[in-house]
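There is one chain below, alone, in structure tokens, taken in the form predicted on its own.
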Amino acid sequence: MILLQVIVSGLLMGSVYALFSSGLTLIWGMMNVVNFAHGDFVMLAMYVAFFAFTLLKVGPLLFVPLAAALLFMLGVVVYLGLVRHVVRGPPLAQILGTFGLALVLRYAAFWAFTANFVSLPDNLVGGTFDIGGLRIEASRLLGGVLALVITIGMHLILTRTALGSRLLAVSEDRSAAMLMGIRPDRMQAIAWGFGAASTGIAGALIALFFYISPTVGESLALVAFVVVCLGGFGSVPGALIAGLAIGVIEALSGYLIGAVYKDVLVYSLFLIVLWVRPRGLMGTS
């Protein structure tokens, strides 16, 4: 029963990993740009949740969509103000541009919020559920289930809607999309908005059960890059599978061999998979 408890906890955490990683893979699939500020977007969303609760006294039903809306706007602004200019330069300019943005956001957070660790109340969304002998925290259950639903919804938007068709058309061939009356800049701005909104939702959900500090985005960014590389750049289903897998591996390794070594196992398996299949589990060549 304990082992099952650990696996369920890993799946819930893994679905949150998948959600904020799907935004990173969406941006890569659209523009072949790696957003090194992705983890710091999550950090900002966590602070949105914290201050929405402490200052406005609102719960997850309001601060989760608020974080999504604010991060969507941030993603669009970042694209229009930075990304669409640096993509015209060499790849190094793209890397340094988003990496510089990450540093600006991180140290702006230090200045605005200080380096102190803060957190939301443990019982903000209830206590602990007992489901068939499994004890699951309500905050983790909410975060995991909602993240899974939204990740699947994002995939459906990309594959089953007119907007998704236009986004995919721009990612396949920008010039051909323009001939069909599609405005690539608008679609890429929307893609950045969606990618940032996914971090907004994920960050607000993570804030329910995780500490909040200006540096929290660093560790989360590493997880996102591993998930995206393992699942395959540009594949939302790949990010979902890889996120769930990494969540379970982290939980099992933390339980069986100790929390200190869980990252060693995750990154070792990650390197092995990339050695066997460099494009990731569901990436295209």
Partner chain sequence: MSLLSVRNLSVRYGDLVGVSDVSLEVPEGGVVALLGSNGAGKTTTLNAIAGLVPTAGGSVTWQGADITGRPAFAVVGLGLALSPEGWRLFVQQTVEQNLRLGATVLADRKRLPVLLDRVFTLFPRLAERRRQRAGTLSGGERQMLAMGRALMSDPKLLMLDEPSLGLAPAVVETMYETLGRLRGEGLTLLLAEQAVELALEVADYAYVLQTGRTVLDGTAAKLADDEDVRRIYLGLETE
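Owing to the predicted nature of the structure, the values given are computational and were not obtained by experimental measurement. Numbering follows the first chain given and starts at 1.
Keep in mind that the form predicted in complex with its partner chain is not shown, yet the notes after this line are about it.
Contact annotation: of the candidates 138, 76, 182, 146, the single residue with a non-hydrogen atom within 4.5 angstroms of its partner chain in the predicted bound form is 182. For the options 169, 142, 150, 189, the one in contact with its partner chain in the predicted bound form, meaning a heavy atom within 4.5 Å, is 169. For the chain shown alone, residue 177 is a contact residue for its partner chain in the predicted bound form, at least one non-hydrogen atom being within 4.5 angstroms. Not displayed here, its partner chain is approached by residue 159 to within 4.5 Å at the level of heavy atoms in the predicted bound form. Its partner chain is not drawn, but in the predicted bound form it has no heavy atom within 4.5 Å of residue 122.
By the criterion of a heavy atom within 4.5 Å, residue 165 is counted among the residues contacting its partner chain in the predicted bound form. Contact with its partner chain, judged by heavy atoms within 4.5 Å in the predicted bound form, is confined among 125-133, 203-211, 169-177, 112-120 to 169-177.
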